[in-house]
Structure formats: structure tokens, C-alpha cells
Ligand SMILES: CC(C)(COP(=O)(O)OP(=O)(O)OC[C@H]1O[C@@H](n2cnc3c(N)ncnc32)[C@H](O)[C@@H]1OP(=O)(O)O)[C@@H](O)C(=O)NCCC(=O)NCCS
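Heads up, the chain below is alone and in the form predicted alone; it's given as C-alpha cells.
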């Protein structure tokens, strides 16, 4: 069974089991600490009975700068999942779902319009997972990733910007059903 708790700085050296996956982004140490400092309630870990980190989620609350308020790409107050990953030996146990649900509860508590995330279009398992949790593709971000996870001859890979409406979005204003038809450049996302 897993224990869920907030991330602590001394967890940094325990994340490697989770990051040994071609679909998981690994960040510099300062990036993890920035999330810990700014959004501690949205940075959660799951640990096994031996204290090993077997999953984590990093998220934040944000909106686009006011100067972009009238842009078609403006994002109102929302939660963003920067990373969610589970160690291979702990997958299919519901850990990713529980971590994501905890972040969604925090998003609702902070009156967010939606939760969004970016996922590689080739990551079919993750896309199916998010869809099973109520997320839908809002748009395709062309060449979002500077590498390709499965084809070394390609220099980039598209991302799906997926969203799930929160309680505040009663009229579902910030999601769409046909998001695969909407393509944007990386410069259009904040």
C-alpha cells in the first residue's frame, strides 16, 4: 500500500525510479524546488512501505498575464499538471489516479476553472488514462516537445493540451469535444 504526502526537499534524490521512463520529463533540481516553494499543496508523492518514492505529481495554479486577456489563447485561473508519473513496478495500482484526484480537489478548493496538462501525442496509455478521468483534448500544440520519445530521426513531437473542467466551469466554457482539430504553435501557450 502507498502512503500519500506532500513533497519534501529530501525527496529529490528518491525520484529517479519514477523518472526512468521515456515519457517522463526530468527537470533540474531548482525547478522541483520552485514548485515546492510556490505550490506545496500541489506537489505530492506516493511512497511505498520502505519509504521509496513510487509516484509523484507536480502542479501549479496560474493564469495568463493580464496583457493577454483579450487574446484567443488567454488562460483564466486554472491548475496545471506539470508532471505526474508512477514507477514501473507500481503502475496499474491506482496511484496516478489518486495523485491526480488530489490535485483536482486542490484546484476546486482554489476556485480554478479547469485543470490542464500537456501529453505527447504518442503516449497512448497516458491519453487513455486522462480520458478515463474526464479530460479531453482542448488543442494540439505543434512541435511542443524538442525531441521525439520513440523515433530518434524526428526532432520534435506534438502535444495534446488536455483539460478537465472544475466545479467553477458549470457551463463547460473552457473545454471542447473536438480539440484535435485545433492546432497552435508553442508560442501560443504560456
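Bear in mind that the values here come from a model prediction, so they are computed numbers and not experimental data. Numbering follows the first chain given and starts at 1.
If you look for the form predicted together with the ligand, you will not find it shown, but the lines that follow are about it.
Just one listed stretch, out of 28-36, 41-49, 58-66, 125-133, contacts the ligand in the model of the complex at the 4.5 Å heavy atom level, and that stretch is 125-133. The three marked residues, 6, 9 and 12, fail to reach the ligand in the model of the complex, with no heavy atom of any inside 4.5 Å. Within this chain, residue 23 lines the site of the ligand in the model of the complex, having a heavy atom no more than 4.5 Å away.
Contact check for residue 74: every heavy atom lies farther than 4.5 Å from the ligand in the model of the complex.
Mapping the unseen interface onto this chain, residue 95 counts among the residues with a heavy atom inside 4.5 Å of the ligand in the model of the complex. The ligand in the model of the complex comes within 4.5 Å of no heavy atom belonging to residue 79.
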